[in-house]
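Next up: a single chain in structure tokens, the form predicted alone.
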Amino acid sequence: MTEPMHGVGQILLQNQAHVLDAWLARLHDTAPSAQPASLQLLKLELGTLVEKLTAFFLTGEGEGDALKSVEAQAAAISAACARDGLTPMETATLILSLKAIAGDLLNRESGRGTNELDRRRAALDAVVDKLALVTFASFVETREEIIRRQGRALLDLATPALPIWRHIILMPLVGIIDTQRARQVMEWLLEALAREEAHIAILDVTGVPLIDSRVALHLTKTVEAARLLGSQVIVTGISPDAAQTLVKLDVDLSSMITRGTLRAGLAEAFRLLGQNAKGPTETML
């Protein structure tokens, strides 16, 4: 253990309350978008970080367990800031403000202009800078995970598989269908067919703004996959403009049952099941 690091640890140990109070006093300036409840939790987390940072300077060095513990706490704080809606700038400023707070403390305790002060400041700055990098990486990772979860939630909402009749499910599609979403549509539709023991699936594309050759190819593959499960797929809601586009592109939809409206699609589904289409109260379980 080097003397500058031990000296920083001793000063932090004797002034932990002061460091934490000064850090908390800056919270309103460094994190103005934080909610009061979030600030209360942040105070506890910063207190733990100060304790672990002090322990590191007293007992840890290099890539030891003490430093890993400090980094883990800093990463947890950054992740919490991301979930609470703080900006990257607010999170980075929050961590880097420790450099000024502890630096002022070292100036007062070590005396200005001394070599020992310079070594202690260098040791402190190196650790805080590393924590800033750790918090940035954690913030980005957490935000990306939030975006992925929101994306999955939106896809779930935009691609529901609804059992609307005995042996009939409906999947209304809304929005752009790209390659990734097309694979998910196929997967969820096949799972719903197996789960509901459905014989007919109605894919309603009224809410899909663009039907091109790529989308048509995905729909064809979905129909073929459903057929392997012993089910039939009816595609409804292809607009007149989309129909003209598909004809111009010479897209072969001969293997696909299509109907202009959802009502016509339901009627075709009942015909295929050998039932009449008078109303759900007559044949629902």
Partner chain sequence: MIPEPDVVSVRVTTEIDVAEARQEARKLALRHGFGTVRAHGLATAVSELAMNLVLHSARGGLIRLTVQDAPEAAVIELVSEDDGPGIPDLGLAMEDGYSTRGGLGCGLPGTRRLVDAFAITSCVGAGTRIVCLVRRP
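Just so we're clear, the structure is a prediction, and the values are computed from it rather than from any experiment. Numbering follows the first chain given and starts at 1.
Note that the form predicted in complex with the partner chain isn't included here; everything after this is about it.
In the predicted bound form, the partner chain lies within 4.5 Å of some heavy atom of Gln244. Though the partner is left out of this view, Leu249 does reach within 4.5 Å of the partner chain in the predicted bound form, counting heavy atoms only. For the chain shown alone, Leu131 is not a contact residue for the partner chain in the predicted bound form, no non-hydrogen atom being within 4.5 angstroms.
In the predicted bound form, at least one heavy atom of Arg214 sits within 4.5 Å of a heavy atom of the partner chain. Only one listed stretch (70-78, 100-108, 84-92, 206-214) carries heavy atoms within 4.5 Å of the partner chain in the predicted bound form, and that stretch is 206-214. Taking a 4.5 Å heavy atom cutoff to the partner chain in the predicted bound form, the contacting residues in 176-206 are Ile176, Asp178, Thr179.
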